[in-house]
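Next up: a single chain in structure tokens, the form predicted alone.
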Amino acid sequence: MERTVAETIRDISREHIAKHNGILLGQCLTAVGWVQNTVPAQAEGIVELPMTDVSGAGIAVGAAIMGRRPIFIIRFQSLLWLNASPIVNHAAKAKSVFGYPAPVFVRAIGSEGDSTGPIHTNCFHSLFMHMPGLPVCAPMTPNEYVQIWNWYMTHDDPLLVSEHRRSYTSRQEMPDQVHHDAHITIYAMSAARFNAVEAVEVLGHRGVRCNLVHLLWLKPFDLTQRVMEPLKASGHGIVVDSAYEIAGASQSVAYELMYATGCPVKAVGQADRSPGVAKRLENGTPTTMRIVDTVEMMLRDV
């Protein structure tokens, strides 16, 4: 049986510690299920940092400079705000400004629902796409995680990995779906990819044929033939993401696609409001039906 995403991350981490003098840094790594079963249950190579909210990134970046290739785990992406400075002002700039690399592997975990409330909800990878020197990716499948890990181990750059708890139990890969006679092309990132798959099925039953292109690398975002040709053929597109829509990754990618192809592309992300604890106040990944409604609205306006 294929490994889950969580099992893949755990096995990579264990091997990194054993074979590459690796180290895992973060807060509460040994508690509450070993970070959703993504951290190996062992003492060796794991360092608990009770101050991760404010200073863990500085320790992780320092370890990277000293050659340890650390995995720095941030249990909620909201904690990226307090950890941002060492990542973007030192690790991302070290090679170009100071002449030495700081290859820290930042595991930033997105979460939503389950009454996580206004603080520990949402994805914030868009913020880090803004900074030079910091690649950003959002793997949602086992093979994608292996792919980005291999990239990290063969480069000397820091890497911001936007994970999402929704992916951890998944064993499935997510191939693109491309049809020669599609009405629209959907580009999906982060946990929005799971809802996009469902939306394509719903729309298919309604007579709307959709291309679905899965985006692993948010930065750099390469306008390859694989990415652009489905949009050119269908003539319309939407970009769906689990982060906030305004000034976010979805708008950035939509702009790049629209400028390159001349086709109208709409961005769809989280609404511009803080989430609450109550179910009715949640503000997460665009739902399957919101994606469906957006597609149908765009096609009605044609």
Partner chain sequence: MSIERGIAQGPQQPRMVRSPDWGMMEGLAEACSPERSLAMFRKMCLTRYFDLRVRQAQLDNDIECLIYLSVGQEAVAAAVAVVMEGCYVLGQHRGHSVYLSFGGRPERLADELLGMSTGCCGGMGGSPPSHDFERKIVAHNGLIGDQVPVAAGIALAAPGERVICFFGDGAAEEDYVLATLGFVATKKLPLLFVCEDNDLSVLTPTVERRNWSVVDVAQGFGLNAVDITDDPWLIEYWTTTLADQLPAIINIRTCREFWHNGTGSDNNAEWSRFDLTKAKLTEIGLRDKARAIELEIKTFVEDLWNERLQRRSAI
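All of these numbers come straight from a predicted model, not from anything done at the bench. Residue numbers count along the first chain shown, from 1.
The form predicted in complex with the partner chain exists for this protein as well; it is not shown, and the discussion that follows is about that form.
Within 4.5 Å of any heavy atom of the partner chain in the predicted complex lies no heavy atom of residue 266. Taking the partner from elsewhere, residue 41 is found to have every heavy atom lying beyond 4.5 Å of the partner chain in the predicted complex. When the partner chain is considered in the predicted complex, residue 183 lies well away from it, no heavy atom lying within 4.5 Å.
Although the partner is absent from this view, residue 170 stays clear of the partner chain in the predicted complex, with no non-hydrogen atom inside 4.5 angstroms. Segments offered: 258 to 266, 243 to 251, 230 to 238, 42 to 50. Contacting the partner chain in the predicted complex at heavy atom distances within 4.5 Å is 42 to 50. Scanning 135, 142, 86, 103 against the partner chain in the predicted complex with a 4.5 Å heavy atom cut-off leaves one residue, 86. Annotation for 60 to 91: interface residues with the partner chain in the predicted complex are 61, 62, 63, 65, 66, 68, 85, 86, 89, 90 [heavy atom within 4.5 Å].
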